[in-house]
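Listed next as structure tokens is one chain, alone, in the form predicted alone.
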Amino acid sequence: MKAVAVFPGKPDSMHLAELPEPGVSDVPDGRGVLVEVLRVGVDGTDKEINAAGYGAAPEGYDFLVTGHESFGRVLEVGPNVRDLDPGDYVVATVRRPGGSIYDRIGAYDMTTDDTYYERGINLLHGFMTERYVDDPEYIVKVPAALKEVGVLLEPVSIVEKGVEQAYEIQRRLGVWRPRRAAVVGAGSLGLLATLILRLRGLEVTTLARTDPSTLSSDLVEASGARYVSTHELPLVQAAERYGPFDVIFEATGASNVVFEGMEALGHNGVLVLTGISGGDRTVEVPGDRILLGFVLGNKVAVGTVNANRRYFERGVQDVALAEAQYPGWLERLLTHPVRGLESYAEMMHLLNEEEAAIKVYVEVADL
């Protein structure tokens, strides 16, 4: 069975590999679910793994199959599987449990273990292959009506978690009714954050470096949000004009943007950090002013990574709502399809052309 893999620790080692055929008996207790992979989305994580930034091979292998944004169709289920049948469309979660108390209660995305297990990222093979088998605990059913955009559900789950964490944190206030939000970054994650926050009824300002008019700025405005180029209006000044921002969703991974977000955040606001910076760059910031604003303004900054099952399930609900409220919006994100696992070089080329592509995905099989 074909798969796209890397040799962890070796830069630019992406290649076509062979995996043994999976079967429902690979999962104990009759709980195996065999899934045909239909589409796999790729993002900066895949690019960084191919650059040997991180990632580790599963035990017994010298390669790691990539791909963590899956969408597939059930082929076969074990005798003890309920609520899933052959023909169902599904997505799979990415993180798998370790040994901490959080892992044992299903919050494996909050693990305190130093070693973590993520399909296609660390110590577990991913979904950039023809078929996979998994336990139904990690598989979420997707309505057939959403099959054209189902490959977006993994990044949607990241946004769902970040937004829910903001609301959960501010329960400490007794009442928290955010009105205005800023999203920094207009890649696929930033655009999805814009959409989800609009579905929550917030006034959203999305900031990015690119001047309008682009597909990204058009999508922002089509959702009823405001697009602002940081060339014209930096984040702190945008907060003065369009704020105060109750929520700032950071989707760039640039450390200087994080500190700007800390300064721009309104009283009782939450800064949600989703980007990861792998470098060692240093930035000069107005530290005293930021600290004063955080203490006197009861502000919060929270990092969020990965997502467990309930955020995928919430994502299915919001994707359905988005299809009803903004028909065709999500499909416009899927800008660059690549046909077949053999086309991994084209996939990486498109992924590296950051300004051109919003979402690159591989069509492994027909929907």
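Computed from a predicted model, the values in this text were never measured in an experiment. Sequential numbering from 1, following the sequence displayed.
Heads up, the form predicted together with beta-D-glucopyranose (BGC) isn't pictured, but that's what we're talking about next.
Enquirer: For residue 118, is any heavy atom within 4.5 Å of beta-D-glucopyranose (BGC) in the predicted bound form, or not?
Expert: Residue-level check for residue 118: yes, a contact with beta-D-glucopyranose (BGC).
Enquirer: Even though beta-D-glucopyranose (BGC) is not shown here, does residue 51 get within 4.5 Å of it in the predicted bound form, heavy atoms only?
Expert: It does not: once beta-D-glucopyranose (BGC) is placed as it appears in the predicted bound form, residue 51 has no heavy atom within 4.5 Å of it.
Enquirer: I'd like to know if residue 43 sits close to beta-D-glucopyranose (BGC) in the predicted bound form, meaning any non-hydrogen atom pair within 4.5 angstroms.
Expert: Yes, contact at 4.5 Å.
Enquirer: Are any of the heavy atoms in residue 154 no more than 4.5 Å from a heavy atom of beta-D-glucopyranose (BGC) in the predicted bound form?
Expert: Within the cut-off, so yes.
Enquirer: Using heavy atoms only and a 4.5 Å cut-off, determine which of 158, 199, 146, 140 is in contact with beta-D-glucopyranose (BGC) in the predicted bound form.
Expert: Contact residue from the list: 158.
Enquirer: Pick from 32-40, 57-65, 298-306, 337-345: which stretch has non-hydrogen atoms within 4.5 Å of beta-D-glucopyranose (BGC) in the predicted bound form?
Expert: Among the candidates, contact is made by 298-306.
Enquirer: Scan 92-114 and note down the residues that get a heavy atom within 4.5 Å of beta-D-glucopyranose (BGC) in the predicted bound form; none is a fine answer too.
Expert: The stretch touches the partner through 94, 95.
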